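Next up: just one chain, as structure tokens, the form predicted alone.
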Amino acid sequence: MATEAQGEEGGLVLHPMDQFKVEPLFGGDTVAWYTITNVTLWMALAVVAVAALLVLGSSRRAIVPTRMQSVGELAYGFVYKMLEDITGKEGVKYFPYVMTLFMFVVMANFLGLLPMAFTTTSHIAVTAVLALGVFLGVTVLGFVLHGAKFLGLFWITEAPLILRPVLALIELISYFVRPVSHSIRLAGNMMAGHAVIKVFAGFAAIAAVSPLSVVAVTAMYGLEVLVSFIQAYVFTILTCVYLRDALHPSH
């Protein structure tokens, strides 16, 4: 999974961040908004993989489910229960959007663990679009459902009156920071994990520490599999929390 090169003096030179370079698929050095890149390819593969799992897995529904059907049903039930527990019955109508987010993020994370793959969720450009979509969606929904009453989200009635303006300002700043923290958390964790794996894999080229490096890479890889799922879960559960605020803005 890692590549390493020997320096001019024989030292080991690692480039753990090279795996995150955005490169055009059909040559050229310029990347524009319309350029088909490795990011585009692996995002498309994530969409295809999700469609294959959910559509093909449920095309032949059986009482005794196949493995693909079982995974699809587990994912469906997992996200549905999470959304219902956090937002209540009112939030269930938005299940398709939340389910789509979860499946795309978790599939992109897992595909990024394949050898020679590209982890699209390690790029802030990708996660920021997802987070901004959630932010704008719940904000518009809040005003559509409640009008000016949606601003009650920032007015904490339980606090003493003298503190409410200060707390309202803090809540307002916190609200607009949501898409930033929402996107950076996912991208940062995915990038850090893959970079660490590449560093450990690079040390495997040194015979003296090779066995230890192999053990370390294996452990890190197993941890990264867990992190890939957890980060998709965290991204989705935060989406549910923001959706709950839009449905029930009053403190």
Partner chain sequence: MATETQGSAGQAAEAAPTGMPQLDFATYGNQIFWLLITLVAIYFILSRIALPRIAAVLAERKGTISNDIAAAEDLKAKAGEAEEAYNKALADARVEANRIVAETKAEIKADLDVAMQEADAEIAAMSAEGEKKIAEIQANASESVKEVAKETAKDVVAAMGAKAEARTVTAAVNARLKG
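Positions refer to the first chain, counted from 1. None of the values given here were measured: they were computed from a predicted structure.
Another form, the form predicted together with its partner chain, is not on view; read the next lines as being about it.
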- Query: For the chain seen here without its partner, which of 152 to 160, 99 to 107, 139 to 147, 166 to 174 has a heavy atom within 4.5 Å of its partner chain in the predicted bound form?
  - Reply: 99 to 107
- Message: So, a 4.5 angstroms cut-off on heavy atom distances: do all three of V22, A32 and A51 pass it with respect to its partner chain in the predicted bound form?
- Response: yes
- Message: Whether R61 contacts its partner chain in the predicted bound form should be assessed with a 4.5 Å heavy atom distance threshold; does it?
- Response: yes
- Message: Residue-level question: is I197 within 4.5 Å of its partner chain in the predicted bound form, judged on heavy atoms?
- Response: no
- Is A125 one of the residues lying within 4.5 Å of its partner chain in the predicted bound form, judged by heavy atom distances? yes
- Find out whether any non-hydrogen atom of A117 is located within 4.5 angstroms of its partner chain in the predicted bound form, and reply yes or no. no
- Query: Can you name the residues of 64 to 91 that have a non-hydrogen atom within 4.5 angstroms of its partner chain in the predicted bound form?
  - Reply: P65, Q69, G72, E73, Y76
